[in-house]
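Starting off, we have a lone chain in the form predicted alone, written out as structure tokens.
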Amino acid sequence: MIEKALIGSRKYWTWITFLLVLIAVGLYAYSQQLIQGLHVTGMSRDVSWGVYIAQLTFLVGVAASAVMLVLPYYLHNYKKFGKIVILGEFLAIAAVSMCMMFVIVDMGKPMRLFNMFLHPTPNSVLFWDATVLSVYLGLNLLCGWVALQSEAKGIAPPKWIKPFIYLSIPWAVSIHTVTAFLYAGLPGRHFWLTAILAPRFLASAFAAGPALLILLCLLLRKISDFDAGDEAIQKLGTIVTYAAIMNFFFVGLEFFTAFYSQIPGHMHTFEYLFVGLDGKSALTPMAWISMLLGLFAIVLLIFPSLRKNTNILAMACVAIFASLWIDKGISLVIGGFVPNPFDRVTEYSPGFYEVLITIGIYAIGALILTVLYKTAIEVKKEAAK
């Protein structure tokens, strides 16, 4: 079926070429990182996780959000998601692939990844995170491809695939829970040392992932004959609304715990993010942009009359996606290193090659998603005839 992605219009191939150029630039930047070492990045002794791990954290949530389609469709027989459940699974494949690439580039040398599996350390959360991500990638590849093959043949999916589909539901929750444990298990970082970090991760995932899927569905409606259906899109909008509200509720709990208790270790990172600390405030503008975008999106989404307007829904989804990308992909990870254990502020900004590598990995993810979506849409077109 993959050969269907080799046929397309001039615009389609222009898009593919554009992505390949970005990938080539990213590969060049990565070659320079391999030659010169990780000092070309903005990471340091005090900020040892930068934009790479920040993107991993955010994209794990995008991958986990596929469960918001798989669960209603397969467990509750919500047929309106029938057209787009495969899109959610394929989005998870692209997201997990990017997650694993960000782990590789963060390690400095790719061969270090093999040490994680050749010499496993069961008490390492990073080992378990890599394991659950690998299994989740395999589950979505298997379930998505088998379902698409069955649709191409005009038959129901085989019964043997059902246990793997059901397994993917709790597994989706596990990948983001284990990722949250990477942070919550570090006693020296007060900003992350909270029992509600995993629920907060899941709430943000169930807002950002479906928001991106809504935007992709609206884009596909414009550039192809594929239409996910208004009811499915609106239902996703409802999911985004309540998940975003829950995420802000959890953030509010963190604020209350930090400032009502007046524990300095919990307060300092919030102070750095929103008002600055010791005269340093590099992330303050982004933290406020994230907060304002999120609140703006919730105001648009909470009223059904506004949410039913496609243009307003798209605007709200862009706002909530950008808000959560900043919150989880920048503020939470990088801000968590401020101040350091010696109570000093060391700021971080990504290096030039670091930015190019990040763009290159996103381009690879976009290419994977383009090929998978092109294949799925062409199969659905033929099945509809």
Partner chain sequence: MDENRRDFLKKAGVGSLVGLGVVSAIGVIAEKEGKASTVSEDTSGTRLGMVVDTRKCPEGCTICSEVCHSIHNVPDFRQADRSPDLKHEIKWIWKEPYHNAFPSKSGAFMSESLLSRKVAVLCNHCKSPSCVRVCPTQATFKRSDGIVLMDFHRCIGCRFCMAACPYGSRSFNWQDPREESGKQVKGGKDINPEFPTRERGVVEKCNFCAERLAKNLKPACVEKCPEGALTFGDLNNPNSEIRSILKSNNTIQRKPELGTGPSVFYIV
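Please read these numbers as outputs of a predicted model, since none were measured by experiment. Numbering follows the first chain given and starts at 1.
Same protein, other form: the form predicted in complex with the partner chain, not shown, and the subject of what follows.
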property: The partner chain in the predicted bound form reached by all of 173, 177 and 242, non-hydrogen atom within 4.5 Å; result: no
property: Contact label in the predicted bound form: residue 34 to the partner chain, heavy atom within 4.5 Å; result: yes
property: 4.5 Å heavy atom contact, residue 221 and the partner chain in the predicted bound form; result: no
property: Interface membership of residue 119, the partner chain in the predicted bound form, 4.5 Å heavy atom rule; result: yes
property: Residue 127 within 4.5 Å of the partner chain in the predicted bound form, heavy atoms; result: yes
property: The partner chain in the predicted bound form: contacting segment from 102 to 110, 200 to 208, 150 to 158, 89 to 97, heavy atom within 4.5 Å; result: 102 to 110
property: Those residues of 338 to 358 which, in the predicted bound form, come within 4.5 Å of the partner chain by heavy atom; result: 341, 342, 343, 344
